Each structure stands twice: as C-alpha cells, then as structure tokens.
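Heads up, the chain below is alone and in the form predicted on its own; it's given as structure tokens.
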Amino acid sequence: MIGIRVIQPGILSLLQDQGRFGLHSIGLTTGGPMDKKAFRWANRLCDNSADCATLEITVGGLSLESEIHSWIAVTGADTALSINRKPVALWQSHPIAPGDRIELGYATHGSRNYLAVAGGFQSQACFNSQSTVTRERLGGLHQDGTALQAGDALPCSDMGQPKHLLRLPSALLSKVGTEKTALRVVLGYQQDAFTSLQKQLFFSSQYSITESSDRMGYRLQGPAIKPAIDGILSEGICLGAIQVPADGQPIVLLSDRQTIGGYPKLGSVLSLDLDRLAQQLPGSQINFKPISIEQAHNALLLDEQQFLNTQLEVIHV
C-alpha cells in the first residue's frame, strides 16, 4: 500500500492507536498515546474514528513526503509545521498531494505532537493494536517496537481531495496548553500506609520531573514520602498510579507502565491531568491536590461532553 514516506524520523516518532487492552493477564501493557486529548483531536480533525492510528512525535524533527492525496492534522505541543516549506497551523486539517513535504520543527512549549491522516495509518496490528511499546519490543510499523526510521513507508489510503477542512474553534484553541493547575489525585486504599503528615507533605510540595522519565513513568524529585510499609504483594497497576519506592521519590506510571508492581501507591493522578503531565519536559515543576472519586467522575463527564459537543469550524476548499 502506498502512503507517506519518512524522510527524517525525528527524536522519537511512534505509531500509536488507542492502545492494547485486555492483555494484562499475559503481561502486555496498554501502550497508546501519552496525551490522549491531543490524540483524539488529531483524529477528529481528520474525520477519523477514535481508534485510528496516528504518529506520536516526541520533541519534533520529523520530515515526511506524501505519496497520496489526502489530508492531515497535527495537534499537541507548540511546534512549527510546514507543508512544502510554507508554514501552516496546528489544530486544523490540511490537504496533501503526492510529492508534498511535511516538516515538523522542534517543540517550543510542550513535548509531544500527534499527526493524523485521513483514514488513519494502516500497518499490521500486533495483539489487536498498532501501538508501539519500545520496552516490550511490540507493535509499531515493524511490529517489533522500534521507532520510525528514515526510509520507512507508512501505509495509508489515498482519500482524494477533501471536500472541506476542519479547525479547532479559536476560543477553545486559546486554552490549549495554558492550564497551570495542580495535578488532581484520587487517593487509593493504600493511603493508609502514609501518615497524615506524609500526605500533607506530598500535597504541599513541588516536585521536579527527572531525566529518568519516559513513556513508562515519570520519576519525580522532591521531598521524600515515607510509607509505613516497605512493600506490598505485587498487584495490578492502573494508569496514573503514584508509586513510592524505598527512596521516597514518587513515580507516576503512564502508558507503557508495567502490569504489576509491589511498591505502595498513594493514589492515582486523574487521567485528564496525565495529558498535561505528558507534555512536560524533565526539569518541569509540578504539584498535586487530592480530589474525591465523585469529583473525578464529574470532571471526566464534563470533559467528555465538551469534546463531543464542540463544533469544529469548517474551512471550505
């Protein structure tokens, strides 16, 4: 199948769909996009279904050449995007034709972009997903967990010329990436392993994202949190879980997390806030605040309604 060819792969560019579900029992993690909201908007701007595969580009430096007529959209970090060296906007769709050069610069604010193409990228699925998990050497274009390489051909369909293009409304676009609020945390049952003083210390402190952070988890540096127990029997780990190892430095577990673990967990970061966390670079300062399960449910419902009810601006071609 013809599609889009990789000229320059950038720092780290991976095929990602929604993820690989129902396989924790055999030790396979979920994977999928780090910033799920940006991923969903990229697909919606291309009139795609929610499960279409996109490219997740970390930091930037990607260069592609189209071999098809179609349209694309790029969302996420503030990054210079051009088609045939002409600057074009993020958060809206653009037509492409055979021979067009698509170039993404390096992020100036945020760290991850999502590039969707109409109809989605269509590599062979591995365990029912195209998502790339480099740690498990699973999925992706070559089904072995490797990042994109120069010369790779990304299969996607020739969709012809678009009848219209789509753009995120300017009122909503002005809010993208501007949130500076604390990451919301739902405390778990193992909170009882932490004294009230330790929990107060955690929620009143700032933490730095360390260089030892990746798609598996963000390791933090700050005031040490000491649980009353050294460990627990290994158990399943959810997205956003805050593990506290022996050194007391928290780890927020993300898309490529291990399926089980034996460190005490203070709670879990609300999934909506993981999108913001995923855009932060090492050295960034973050803090946390506790919320109830009911508040978490309300936030998720309101966000989903906003996503579904947002009317995209139509650009006639």
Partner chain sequence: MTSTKYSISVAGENALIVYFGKQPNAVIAQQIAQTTAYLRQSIGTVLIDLVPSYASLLVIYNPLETDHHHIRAAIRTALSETTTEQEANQGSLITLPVYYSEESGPDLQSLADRKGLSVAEVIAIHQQTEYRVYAIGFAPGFAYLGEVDQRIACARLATPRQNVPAGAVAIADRQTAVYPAPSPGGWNLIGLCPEPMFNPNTEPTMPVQVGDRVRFKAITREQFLDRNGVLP
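Numbering follows the first chain given and starts at 1. The structure presented is a predicted model; accordingly, all values stated were derived computationally and were not measured.
Omitted here: the form predicted in complex with the partner chain. The next part is about that form.
J.: Hey, with the partner chain in the predicted complex, do 172, 203 and 283 all fall inside the 4.5 Å heavy atom range?
T.: No, none of the three is in contact.
J.: Using a 4.5 Å heavy atom cut-off, state whether residue 135 contacts the partner chain in the predicted complex.
T.: Yes - in the predicted complex, heavy atoms of residue 135 and the partner chain come within 4.5 Å of each other.
J.: With heavy atoms only and a cut-off of 4.5 Å, decide whether residue 234 touches the partner chain in the predicted complex.
T.: Judged by the heavy-atom cut-off of 4.5 Å, residue 234 is in contact with the partner chain in the predicted complex.
J.: Check whether residue 12 has any heavy atom within 4.5 Å of a heavy atom of the partner chain in the predicted complex, and answer yes or no.
T.: The answer is no: residue 12 has no heavy atom within 4.5 Å of the partner chain.
J.: With the cut-off set at 4.5 Å between non-hydrogen atoms, does residue 207 touch the partner chain in the predicted complex?
T.: Taking the distances in the predicted complex, the answer for residue 207 is no, it never comes within 4.5 Å of the partner chain.
J.: Select, from the options 74 to 82, 89 to 97, 183 to 191, 159 to 167, the stretch whose residues sit within 4.5 angstroms of the partner chain in the predicted complex by heavy atom distance.
T.: Among the listed stretches, the partner-contacting one is 183 to 191.
J.: Name the single residue among 251, 28, 277, 68 that comes within 4.5 Å of the partner chain in the predicted complex, judging by heavy atoms.
T.: Flagged contact: 28.
J.: Heavy atom within 4.5 Å of the partner chain in the predicted complex: which residues of 290 to 312 qualify?
T.: Sequence-ordered list: 293, 294, 296, 297, 300, 301, 304.
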